[in-house]
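Okay, so here's just one chain, in structure tokens, the form predicted on its own.
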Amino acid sequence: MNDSGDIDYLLDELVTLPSMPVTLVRVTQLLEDPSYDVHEVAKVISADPGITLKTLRLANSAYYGLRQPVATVDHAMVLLGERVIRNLVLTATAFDALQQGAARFVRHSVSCAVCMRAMRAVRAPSVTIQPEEAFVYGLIHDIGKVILEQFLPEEYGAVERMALEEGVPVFQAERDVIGLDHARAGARLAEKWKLPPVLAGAIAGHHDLSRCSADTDERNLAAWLAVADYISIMSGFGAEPGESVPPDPEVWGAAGFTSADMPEILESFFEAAPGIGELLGMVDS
């Protein structure tokens, strides 16, 4: 069950990919208009109590470190700007989607998000995204695991047993048991939500760079996700017991990191790691 036809069947017939949430659709549409009205965007967000709560909690979290509390979405728009707000709304939406997954998936996803932002803060030359976008990449890179476990629970149980008993990477066990891996499922969701193609491509390729297009950013960001994955796993934030697959030299090369960069990246990640608990609380609420 490994050809493209089988994969399309799995994703179109057996797995129901969630539609892009209405609030995110509308906010995206408004922000794509160069003459958008800040208050209109805030009004759309405020009409969704769940997204509003998470957006404001994120804006007020220690993670963003604002000097003054944010009480309204209008206030957040003024202080943070449209690019950050767009990513806050996407993050809040992703938190809702992650609620459907096992706690270990959520913990790993948030850890990778924190790690990606820490990596971006230390070294930027090989990518063009902002720290908040890097956070989103890390947060949703494994969303395919949530989808596969939710819709194919028996098969995913077999995946986990194979990975644990045979010592193979989870993504390989997914391919063997189900016929596709979480990276491909997550990329399809990103496409359905009309997220940037570079994001969908990075998700698709974070375990296999050959899946990436010729777009340099897409390949580099897929490599960043592979590195963030590994750092999170080795720091105790893995999604599966005993999971650790060191990135190969091709990944390190595409990510643009050298051994000299790692101490600073790890220091930045460990400084931010205490905030993982606060962020996990927002997923659960």
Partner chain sequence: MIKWQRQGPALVGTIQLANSRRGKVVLTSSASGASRGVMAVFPVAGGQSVTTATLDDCMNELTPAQVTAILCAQERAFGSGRLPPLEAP
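Residue numbers count along the first chain shown, from 1. What you are looking at is a predicted structure, and each value in this text was computed from that prediction instead of being measured.
Form predicted in complex with the partner chain: not shown, discussed below.
Every residue in the set S235, M262 and P274 has a non-hydrogen atom no more than 4.5 Å from the partner chain in the predicted bound form. Contact between F270 and the partner chain in the predicted bound form is found at the 4.5 Å heavy atom cutoff. Interface membership of L266, defined by any non-hydrogen atom within 4.5 Å of the partner chain in the predicted bound form, is confirmed. The shortest heavy atom separation between Q68 and the partner chain in the predicted bound form exceeds 4.5 Å. Within 4.5 Å of any heavy atom of the partner chain in the predicted bound form lies no heavy atom of L56. For the options L30, V44, I231, A255, the residue carrying a heavy atom within 4.5 angstroms of the partner chain in the predicted bound form is I231.
When you look in the predicted bound form, the only residue of R107, R120, R188, R86 with a non-hydrogen atom within 4.5 Å of the partner chain is R107.
Just one listed stretch, out of 223-231, 30-38, 45-53, 59-67, contacts the partner chain in the predicted bound form at the 4.5 Å heavy atom level, and that stretch is 223-231.
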